[in-house]
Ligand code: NAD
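Below you will find one chain, with nothing else, as structure tokens; this is the form predicted on its own, and questions on how it binds or moves follow later.
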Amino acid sequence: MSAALEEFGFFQVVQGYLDQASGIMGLPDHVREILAEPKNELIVHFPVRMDDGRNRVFKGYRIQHNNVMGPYKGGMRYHEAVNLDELKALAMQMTWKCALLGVPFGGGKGGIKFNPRDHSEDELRRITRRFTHALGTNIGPAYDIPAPDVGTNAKTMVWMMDTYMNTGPTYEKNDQRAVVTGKTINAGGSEGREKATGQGVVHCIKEWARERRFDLEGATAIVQGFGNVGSNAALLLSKLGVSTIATGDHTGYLHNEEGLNAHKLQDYVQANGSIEGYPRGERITRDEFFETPADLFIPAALENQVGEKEATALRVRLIAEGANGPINPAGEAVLKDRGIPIIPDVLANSGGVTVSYYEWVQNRNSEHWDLEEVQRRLLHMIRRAYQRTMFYAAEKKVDPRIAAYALALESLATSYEERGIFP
């Protein structure tokens, strides 16, 4: 764990952004109190048989932040650092993302505290199925809809879906495919879902470049984290002429001044689990990575990776947050003083939940949209949210992060005003 992670509690950071945005848009106190904490915090302990015949007890979570705009929605994270406060922060951010984009979902997040790289596929399948069974009716296609996150993927979602369908009610079996999103195409997934989060990041970068008449052809990028989001963002940027010259993950960092081949590196990571051992790059330190001059920086790893030290070292024109909360408040203050713009996470990485919504709609209506339809809808949603956020930021003279939060809060406040508080 980095010093940045130890110094800043992610949940407290997100609550701080809530307080700032509440003051900007005049959020009623009672709504702020409701939104400051999740509605439900679920913790389950469940035993799973390992390959060697022993039983191990795992700890799983599901945080349901708010559902005034629609069913809870959010990823399932498998990671050794999963904890309650982290998931509360991530669930809260999901509420803002959905409200900002106009997606009729609320925020949720969950996961299991363990390292999935230490387990076989058979063990991961049994862990996932037992976790799904332990959650029981706390998830459902019209109540709480999980999705992939760090340490999980489409295969994980298919296991969750199948478990839910085989242990839930016997009626409307086909509708129950919508209990999760991010599935494989064959199991009811959507075209374009795998690349959706990275695609949203790239759409935001393109909007930024268009506004500033900045030519992306020949530009350079550094990408922290080369999982689903980072690798797909790098791959899509390469098609625009942007070279990824440095990247890194939990195993270390690589640099190639001529540009890393995003497609080949993505294939390597999918086959080997990390960038470690990739031969077409020079090993560099974490400090050297952040000192690498580039036009774009995409932090796509975990939260609180960029503190004061990293922010001072960065030599980039733009930061687009592919991860949730990658920059802590001290780092953000430095970047603001240096005039380096940030496209905030609740906007930049909202492509994933947007296409998850499209997948959910397709499942509920027994439809399957082609890739062009999904991409057309995603571009419209991201572009609209980007333009609204930047206009609000300029109008209110606030940074884009607080603008995005304030716009989300306006939608939520309107819902509470119209609906009132039960009873």
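Numbering starts at 1 and follows the sequence shown. Everything quoted here is computed from the prediction, not taken from an experiment.
Heads up, the form predicted in complex with the ligand isn't pictured, but that's what we're talking about next.
Taking the shortest heavy atom distance, is residue 144 within 4.5 Å of the ligand in the predicted complex? Residue 144: no, not in contact with the ligand in the predicted complex.
Would you please decide whether residue 322 lies within 4.5 angstroms of the ligand in the predicted complex, comparing each non-hydrogen atom pair? Result yes; residue 322 sits at the interface with the ligand in the predicted complex.
Closest heavy atom of residue 249 to the ligand in the predicted complex, within 4.5 Å or not? Yes, residue 249 lies within 4.5 Å of the ligand in the predicted complex.
Answer yes if any heavy atom of residue 163 is within 4.5 Å of a heavy atom of the ligand in the predicted complex; otherwise answer no. Judged by the heavy-atom cut-off of 4.5 Å, residue 163 is well away from the ligand in the predicted complex.
Counting any non-hydrogen atom inside 4.5 Å, which residue from 305, 261, 256, 220 sits next to the ligand in the predicted complex? Among 305, 261, 256, 220, a heavy atom within 4.5 Å of the ligand in the predicted complex occurs only for 305.
Have a look at 203, 177, 183, 97 for me and say which one sits with a heavy atom within 4.5 Å of the ligand in the predicted complex. The option sitting close enough to the partner is 97.
4.5 Å heavy atom contact with the ligand in the predicted complex for all of 109, 149 and 227: Checked in the predicted complex: all three residues contact the ligand.
With the partner removed from view, which of 336-344, 99-107, 307-315, 241-249 is the stretch that lies within 4.5 Å of the ligand in the predicted complex, judged by heavy atom distances? Flagged stretch: 241-249.
What residues, if any, in 325-350 have a non-hydrogen atom within 4.5 angstroms of the ligand in the predicted complex? The one in contact is 349.
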